[in-house]
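Take a look at the structure tokens below, where one protein chain is shown in two forms, each on its own, as structure 1 and structure 2.
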Structure 1
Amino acid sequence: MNILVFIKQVADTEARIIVSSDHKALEIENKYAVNFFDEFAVEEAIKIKETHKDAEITVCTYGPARATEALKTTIAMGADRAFLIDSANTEADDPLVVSGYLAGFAAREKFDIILCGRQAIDDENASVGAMTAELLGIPHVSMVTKLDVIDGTGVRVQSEIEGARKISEVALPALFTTQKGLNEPRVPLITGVMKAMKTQIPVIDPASIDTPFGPATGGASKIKVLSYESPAQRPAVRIIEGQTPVEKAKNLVKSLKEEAKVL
């Protein structure tokens, strides 16, 4: 069984991000990590491998050279091999372009199960999973919280949908996006870290990938970034005065009603 995991290296939530003075670029502090939701995808792949001995886990990202670090983290966790599709530092603002490369990569590798995160915590698109599945012409299930391989040909998954919990059976090959609750991602052991340090990560030239749109140039971004802004600063907090908690509650409701006009 071949398991393919797509991961993205993203700015850590703690990283400082500064908008350039011309509002055209971002300066991101050099703190990066494997996307929070992608860790569930890697962990699930390893769990499948633990019960299906013939399984092989391939991890792939479309990103800049620094993303090699994130791929090494997944090797340290237990993935077998990892590939970097070199984005040559171009920002991937268009999820369809990213999905095109990932689908192109998947199509030339053999795979039964593709796992990816529910969403990247930097762009928060939640698009790449379903898009890649569509481009590959395979079914997908979003936000999976339980996954069991029934036999070599199908998977039973539990997923979250609006106001309901759904259990479905899906024929392989298929793609699943992972949601919190699926598992507890492991912390790499020192032996894993050693192995990762020695692993060479092959770099793929995106121009060599046949995307569903033809050669790479066919998939130019159709989304233009006009500007970046810092979020509007909220005015300083108004601490509500009062002698007693009751008085404070009273004054708060008064302010919410008369000043903020939200009641």
Structure 2
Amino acid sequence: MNILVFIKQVADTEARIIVSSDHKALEIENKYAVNFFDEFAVEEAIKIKETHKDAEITVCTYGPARATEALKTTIAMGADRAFLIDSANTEADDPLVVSGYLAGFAAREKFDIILCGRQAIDDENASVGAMTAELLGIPHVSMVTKLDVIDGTGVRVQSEIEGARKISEVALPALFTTQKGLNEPRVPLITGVMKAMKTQIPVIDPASIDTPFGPATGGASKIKVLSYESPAQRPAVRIIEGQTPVEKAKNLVKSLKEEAKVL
């Protein structure tokens, strides 16, 4: 069984991010990590391999050269091999373009199960997984919280839908997007870290990949970033004065009526 995991390297949640003076780019502190939801995909692939000893885990990302560090993290966790599709000279903001490269890679390598996070925490598109499955012409289930391989040809999954849970049986090959609750990603052991340090990550030229809609040459993206804007600052917190809860409640109502004018 061949398992493919798509990941993305994103800015660490503690990294300092500011909008450039011309509002055309983001200045991001050099702190990056594997996307939060993708960690569940990697962990689930490892759990499948622990049950099916013949399974092989391949991890792939479309991104800049620095993304090799994220790939090495997955090797340290337990993945068998990893590939970087270099985004240096191609479109990186259009999820359809990204999905085309990932689908082309998957079609070339032939996989039974494809896993990826439900969304990336930087752009929050939540569309690359579904688009990739559609381009490959295979079934997919999003927001999976439980996954069991029935046999070599099918998988039973539990996913979240609005106000309920859904259980599906899906024929392979198929793609599943993962989310919190599926598992608890492991912390790499020192032996895994040492293995990752020695691992050479092959870099793939996007031009060598046959995408489902043809070569994604310059200008293929249908998305153009016009500007970046910082979120509005939150107003300062105001403490309602009063000696007793009753006085505080009266002062709050008075402020809502006379100042905020919402009552």
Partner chain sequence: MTRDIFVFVEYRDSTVRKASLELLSRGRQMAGKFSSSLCAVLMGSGVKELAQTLKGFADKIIFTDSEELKDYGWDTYGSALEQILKKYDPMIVLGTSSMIGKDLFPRIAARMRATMISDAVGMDFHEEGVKVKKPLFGGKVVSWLAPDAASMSFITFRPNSFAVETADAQGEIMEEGLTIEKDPRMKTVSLEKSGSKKVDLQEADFIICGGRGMKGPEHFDALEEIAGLMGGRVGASRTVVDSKWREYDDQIGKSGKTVSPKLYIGCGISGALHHIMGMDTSKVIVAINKDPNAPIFQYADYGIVDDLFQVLPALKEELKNTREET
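By convention here, residues take numbers in order along the sequence of structure 1, the first being 1. The term rigid core refers to the maximal set of C-alpha atoms that superpose within 1.5 Å between the two forms. On a predicted model such as this, the values are computed, not experimentally measured, just so you know.
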property	result
Between structure 1 and structure 2, the form predicted on its own	2
Yes/no, residue 24 Cα shift of 2 Å or more between structures 1 and 2 with rigid core fixed	no
C-alpha of residue 12 off by 2 Å or more between structures 1 and 2 on rigid core	no
Core-aligned CA shift between structures 1 and 2 for residue 254 (Å)	4.1
Distance the CA of residue 245 travels between structures 1 and 2 [rigid core superposed, Å]	3.1
